[in-house]
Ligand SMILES: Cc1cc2nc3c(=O)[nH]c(=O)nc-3n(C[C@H](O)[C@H](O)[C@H](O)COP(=O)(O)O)c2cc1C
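What follows is a single chain, given as structure tokens, in the form predicted on its own.
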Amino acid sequence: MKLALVVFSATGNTAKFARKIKGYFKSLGMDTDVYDITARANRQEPMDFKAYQGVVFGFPVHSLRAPKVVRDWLCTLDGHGKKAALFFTFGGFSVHPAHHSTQKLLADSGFNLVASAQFPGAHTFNLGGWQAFADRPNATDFTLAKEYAGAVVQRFTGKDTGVLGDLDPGNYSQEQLDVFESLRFKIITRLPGRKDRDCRMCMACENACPAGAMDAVAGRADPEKCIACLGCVANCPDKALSINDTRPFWAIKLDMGKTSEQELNQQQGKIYL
């Protein structure tokens, strides 16, 4: 069986799981092609899934949904009625309705979602000082990913004829979710930029920016385009890019989530079948 594994991973968390899952698929006899759609240019290329018997999508959770650029891209696809599986990486706080809303987008594009999962990964805002899943993913998380890969293969091959249960639709309207998305910029008050730090001008930040927001020469992100994924900060080889100090918002976020740092960091992933 030939599978496609489609991944958006700005800071690398989702890519870590994708590499593991591809390896697990290989051990189960699956031939898997990986497509990294993180860079904007990679989403401009036509993608044809006719040659695949199943498609797996891996995304991070951004404000309770898949990233906006991913949601827009999913609407351009033709799934040809093929089985699909989904997994998210999350930074310790709320996930839903990310599974539910993405399932709907996939269905509208002609895919039949048969499995989903969520796995812990270091929160994006740790780059500014948070401590959410700072040491994740770990071996336990990858063990769960192995279980997920096995379950996906069972569903794709038809050995497991079960139907994916109802996914949590959450308690928010689309309008509220749009507002939550904008609140990322209440925490990221200084967008990624270069501040008196040496830079070799490798252009990696600009070339890999998912939204086409980063201007490497100017050393700053365009506020009209930036999605606060912080991939540029995470992947700069010179560590020349930074954001504001996010630590003042850490206690506020924990209070809003009615949790403590210890409780939050003890969370585990979950598989939905």
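Don't overthink the numbering: it's just position in the shown sequence, from 1. Predicted, not measured: the structure shown is a model, and the values here were computed from it.
Heads up, the form predicted together with the ligand isn't pictured, but that's what we're talking about next.
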{"query": "Proximity to the ligand in the predicted complex, single hit among F156, F90, F111, Y148 (heavy atom within 4.5 Å)", "finding": "F90"}
{"query": "Close approach of Q176 to the ligand in the predicted complex, 4.5 Å, heavy atom", "finding": "no"}
{"query": "Contact test in the predicted complex: A122 vs the ligand, heavy atoms, 4.5 Å", "finding": "yes"}
{"query": "Partner contact for G12 in the predicted complex: the ligand, 4.5 angstroms, heavy atom", "finding": "yes"}
{"query": "Partner proximity in the predicted complex: V70 to the ligand, non-hydrogen atom cutoff 4.5 Å", "finding": "no"}
{"query": "Segment that reaches the ligand in the predicted complex - one of 100-108, 124-132, 75-83, 167-175, heavy atoms within 4.5 Å", "finding": "124-132"}
{"query": "Sequence-ordered list of residues in 173-212 near the ligand in the predicted complex, where near means a heavy atom within 4.5 Å", "finding": "none"}
{"query": "Note on I188-R220 C-alpha separation in the predicted complex, which departs from the shown form by 3 angstroms or more", "finding": "farther"}
{"query": "Closer or farther in the predicted complex: C-alpha pair T189, G91 (3 angstroms or more)", "finding": "closer"}
